[in-house]
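Just one chain is shown here, as C-alpha coordinates, and it is the form predicted alone.
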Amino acid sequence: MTIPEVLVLGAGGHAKVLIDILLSLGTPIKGALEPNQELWGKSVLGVPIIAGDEFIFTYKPEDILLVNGLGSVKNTLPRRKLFERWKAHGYSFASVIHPKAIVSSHAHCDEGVQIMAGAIISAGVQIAENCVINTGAIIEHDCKLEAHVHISPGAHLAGTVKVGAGSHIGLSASILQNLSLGEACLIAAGAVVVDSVESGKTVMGIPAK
(Lines give C-alpha, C1' and ligand atoms only; values in the text may rest on other atoms or scores of the structure.)
Protein backbone atom coordinates (compact mmCIF):
# COMPACT_ATOMS: atom_id res chain seq x y z
CA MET A 1 0.00 0.00 0.00
CA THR A 2 1.33 3.43 -0.94
CA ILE A 3 1.94 5.73 2.04
CA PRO A 4 0.48 9.19 1.31
CA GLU A 5 2.86 12.12 1.41
CA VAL A 6 2.51 14.47 4.35
CA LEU A 7 2.84 18.21 4.78
CA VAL A 8 3.96 19.40 8.21
CA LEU A 9 2.29 22.63 9.33
CA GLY A 10 4.99 24.56 11.15
CA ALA A 11 8.76 24.59 11.36
CA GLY A 12 9.45 25.21 15.06
CA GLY A 13 10.49 22.91 17.88
CA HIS A 14 7.30 20.82 17.99
CA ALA A 15 7.40 20.37 14.22
CA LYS A 16 11.04 19.27 14.45
CA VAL A 17 10.15 16.49 16.90
CA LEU A 18 7.34 15.30 14.62
CA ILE A 19 9.57 15.38 11.53
CA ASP A 20 12.14 13.30 13.39
CA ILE A 21 9.46 10.69 14.18
CA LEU A 22 8.11 10.70 10.62
CA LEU A 23 11.61 10.18 9.22
CA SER A 24 12.19 7.26 11.60
CA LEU A 25 8.93 5.70 10.37
CA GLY A 26 9.88 6.12 6.72
CA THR A 27 6.92 8.42 6.04
CA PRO A 28 7.40 10.49 2.85
CA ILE A 29 7.39 14.19 3.75
CA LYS A 30 6.65 16.68 0.98
CA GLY A 31 7.83 19.58 3.11
CA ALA A 32 7.09 21.91 5.99
CA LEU A 33 4.84 24.96 5.71
CA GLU A 34 5.56 28.12 7.64
CA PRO A 35 3.94 31.59 7.56
CA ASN A 36 7.30 33.31 8.17
CA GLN A 37 8.58 33.90 4.64
CA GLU A 38 12.13 34.41 5.92
CA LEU A 39 12.28 30.66 6.57
CA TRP A 40 11.18 29.65 3.07
CA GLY A 41 14.00 27.83 1.28
CA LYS A 42 15.55 26.66 4.55
CA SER A 43 15.05 23.21 6.05
CA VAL A 44 14.25 21.30 9.24
CA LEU A 45 16.23 18.05 9.63
CA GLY A 46 16.71 18.06 5.86
CA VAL A 47 13.01 18.62 5.11
CA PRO A 48 12.48 21.77 3.02
CA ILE A 49 10.38 24.67 4.29
CA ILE A 50 8.57 25.39 1.05
CA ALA A 51 5.79 27.94 1.53
CA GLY A 52 2.94 29.14 3.72
CA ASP A 53 -0.18 27.17 4.57
CA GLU A 54 -2.01 28.22 1.40
CA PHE A 55 0.25 25.77 -0.45
CA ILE A 56 -2.07 23.04 0.84
CA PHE A 57 -4.63 24.07 -1.77
CA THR A 58 -2.31 22.77 -4.52
CA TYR A 59 -3.40 19.28 -3.37
CA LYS A 60 -6.79 17.70 -3.36
CA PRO A 61 -7.78 16.56 0.16
CA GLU A 62 -7.51 12.90 -0.84
CA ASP A 63 -3.94 13.34 -2.13
CA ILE A 64 -2.17 14.62 0.98
CA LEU A 65 -2.17 14.18 4.75
CA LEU A 66 -1.42 17.03 7.12
CA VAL A 67 0.58 16.96 10.35
CA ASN A 68 -0.16 19.66 12.92
CA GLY A 69 3.31 20.91 13.80
CA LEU A 70 2.11 23.80 15.96
CA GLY A 71 2.88 23.16 19.61
CA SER A 72 1.30 24.81 22.61
CA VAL A 73 2.54 26.43 25.79
CA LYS A 74 -0.35 27.06 28.20
CA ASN A 75 -2.83 27.90 25.42
CA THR A 76 -3.98 25.15 23.04
CA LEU A 77 -6.35 27.40 21.05
CA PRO A 78 -4.01 28.32 18.12
CA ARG A 79 -3.29 24.64 17.54
CA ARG A 80 -7.01 23.88 17.65
CA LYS A 81 -7.82 26.66 15.16
CA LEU A 82 -5.20 25.36 12.72
CA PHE A 83 -6.65 21.86 12.89
CA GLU A 84 -10.24 23.02 12.50
CA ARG A 85 -9.44 25.36 9.61
CA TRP A 86 -8.12 22.58 7.40
CA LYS A 87 -10.71 20.03 8.50
CA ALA A 88 -13.35 22.54 7.32
CA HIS A 89 -11.71 22.40 3.86
CA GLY A 90 -11.94 18.61 3.80
CA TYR A 91 -8.30 17.75 4.59
CA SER A 92 -7.26 14.98 6.97
CA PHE A 93 -4.53 14.82 9.59
CA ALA A 94 -2.09 11.97 10.12
CA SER A 95 -1.59 10.56 13.59
CA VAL A 96 2.08 10.38 14.57
CA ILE A 97 3.17 7.77 17.10
CA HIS A 98 6.81 7.29 18.04
CA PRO A 99 7.98 3.69 17.63
CA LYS A 100 9.23 3.72 21.23
CA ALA A 101 5.91 4.82 22.70
CA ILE A 102 3.88 2.08 24.38
CA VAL A 103 0.25 2.18 23.28
CA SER A 104 -2.15 -0.54 24.41
CA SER A 105 -4.00 -2.35 21.67
CA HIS A 106 -7.06 -1.70 23.83
CA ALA A 107 -6.64 2.09 23.72
CA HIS A 108 -8.35 4.26 21.09
CA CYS A 109 -6.81 7.28 19.36
CA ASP A 110 -8.72 9.59 17.01
CA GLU A 111 -7.43 11.54 13.99
CA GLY A 112 -4.29 13.61 14.32
CA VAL A 113 -3.18 12.31 17.71
CA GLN A 114 0.55 12.69 18.42
CA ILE A 115 2.33 10.41 20.90
CA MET A 116 6.01 11.04 21.56
CA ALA A 117 8.92 8.83 22.62
CA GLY A 118 8.60 7.01 25.93
CA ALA A 119 4.93 7.81 26.46
CA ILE A 120 2.74 5.03 27.90
CA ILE A 121 -0.94 4.72 27.00
CA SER A 122 -2.72 2.01 28.98
CA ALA A 123 -5.76 -0.15 28.28
CA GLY A 124 -9.13 1.52 28.00
CA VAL A 125 -7.73 5.00 27.30
CA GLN A 126 -9.66 7.15 24.82
CA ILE A 127 -7.82 10.03 23.13
CA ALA A 128 -9.82 12.39 20.93
CA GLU A 129 -8.64 14.26 17.83
CA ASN A 130 -5.61 16.57 17.73
CA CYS A 131 -4.30 15.65 21.20
CA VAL A 132 -0.59 15.65 22.05
CA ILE A 133 0.87 13.14 24.50
CA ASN A 134 4.39 14.41 24.90
CA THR A 135 7.67 12.71 25.73
CA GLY A 136 7.55 10.33 28.69
CA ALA A 137 3.97 11.10 29.70
CA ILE A 138 1.88 8.32 31.28
CA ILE A 139 -1.86 7.97 30.69
CA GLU A 140 -3.20 5.19 32.92
CA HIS A 141 -6.15 2.89 32.34
CA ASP A 142 -9.58 4.19 31.33
CA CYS A 143 -8.63 7.86 31.07
CA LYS A 144 -10.61 9.94 28.59
CA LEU A 145 -9.04 12.92 26.81
CA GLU A 146 -11.33 15.17 24.80
CA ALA A 147 -10.14 16.99 21.65
CA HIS A 148 -7.12 19.32 21.48
CA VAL A 149 -5.64 18.38 24.88
CA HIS A 150 -1.87 18.75 25.39
CA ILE A 151 -0.18 16.50 27.96
CA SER A 152 3.34 17.89 28.52
CA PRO A 153 6.51 15.80 28.94
CA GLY A 154 6.63 13.70 32.07
CA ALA A 155 3.06 14.36 33.16
CA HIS A 156 1.19 11.47 34.81
CA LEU A 157 -2.53 10.78 34.76
CA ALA A 158 -3.70 8.07 37.15
CA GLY A 159 -6.59 5.81 36.22
CA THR A 160 -10.01 7.00 35.08
CA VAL A 161 -9.15 10.70 34.74
CA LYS A 162 -11.26 12.78 32.37
CA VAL A 163 -9.67 15.81 30.67
CA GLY A 164 -11.90 18.35 28.95
CA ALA A 165 -11.29 19.75 25.47
CA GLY A 166 -8.41 22.17 25.02
CA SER A 167 -6.84 21.67 28.44
CA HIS A 168 -3.09 21.90 28.92
CA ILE A 169 -1.35 19.76 31.54
CA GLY A 170 2.10 21.10 32.30
CA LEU A 171 5.52 19.53 32.59
CA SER A 172 5.69 16.70 35.16
CA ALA A 173 2.25 17.46 36.60
CA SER A 174 0.36 14.60 38.27
CA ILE A 175 -3.41 14.04 38.29
CA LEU A 176 -4.79 11.61 40.87
CA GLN A 177 -7.25 8.88 39.95
CA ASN A 178 -10.95 9.39 39.20
CA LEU A 179 -10.73 13.17 38.82
CA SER A 180 -12.30 15.35 36.14
CA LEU A 181 -10.70 18.40 34.55
CA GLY A 182 -13.05 20.73 32.68
CA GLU A 183 -12.47 22.35 29.30
CA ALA A 184 -9.57 24.77 28.73
CA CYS A 185 -7.97 24.10 32.13
CA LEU A 186 -4.32 24.94 32.73
CA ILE A 187 -2.46 22.64 35.11
CA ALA A 188 0.88 24.25 35.96
CA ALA A 189 4.19 22.44 35.70
CA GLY A 190 4.86 20.17 38.65
CA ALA A 191 1.37 20.50 40.09
CA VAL A 192 -0.23 17.61 41.96
CA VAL A 193 -3.97 17.69 41.36
CA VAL A 194 -5.99 16.04 44.13
CA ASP A 195 -9.44 17.49 43.37
CA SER A 196 -11.44 17.93 40.16
CA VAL A 197 -10.96 21.25 38.34
CA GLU A 198 -13.68 23.39 36.78
CA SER A 199 -13.51 24.54 33.16
CA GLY A 200 -11.26 27.51 32.45
CA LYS A 201 -9.40 27.34 35.77
CA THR A 202 -5.64 27.47 36.33
CA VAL A 203 -4.22 25.47 39.23
CA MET A 204 -0.69 25.09 40.56
CA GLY A 205 1.29 23.80 43.48
CA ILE A 206 1.30 20.73 45.74
CA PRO A 207 -1.54 20.13 46.28
CA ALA A 208 -2.78 22.14 43.33
CA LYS A 209 -4.97 25.15 44.12
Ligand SMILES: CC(C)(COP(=O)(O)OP(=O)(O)OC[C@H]1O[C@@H](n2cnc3c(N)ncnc32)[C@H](O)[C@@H]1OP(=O)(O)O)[C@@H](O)C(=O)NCCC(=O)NCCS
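Start at 1 with the first residue shown and count on from there. Keep in mind that this is a model prediction, so the values were computed, not measured.
The same protein has a further form, the form predicted together with this ligand, not shown here; the description that follows concerns it.
*Asks:* Taking this ligand in the predicted bound form as the reference, which of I50, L179, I56, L171 has a non-hydrogen atom within 4.5 Å?
*Replies:* Contact check passes for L171.
*Asks:* Select from the listed residues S95, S72, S92, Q126 the one whose heavy atoms reach within 4.5 Å of this ligand in the predicted bound form.
*Replies:* Here the answer is residue option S72.
*Asks:* Using a 4.5 Å heavy atom cut-off, which stretch among 25-33, 61-69, 152-160, 42-50 contacts this ligand in the predicted bound form?
*Replies:* Contact criterion met by 152-160 only.
*Asks:* Residue-level question: is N134 within 4.5 Å of this ligand in the predicted bound form, judged on heavy atoms?
*Replies:* Yes, contact at 4.5 Å.
*Asks:* Considering only heavy atoms, tell me if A188 and this ligand come within 4.5 Å of each other in the predicted bound form.
*Replies:* Because a heavy atom of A188 falls inside 4.5 Å of this ligand in the predicted bound form, the answer is yes.
*Asks:* Is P207 near this ligand? Define near as a heavy atom within 4.5 Å, in the predicted bound form.
*Replies:* So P207 does not count as contacting this ligand.
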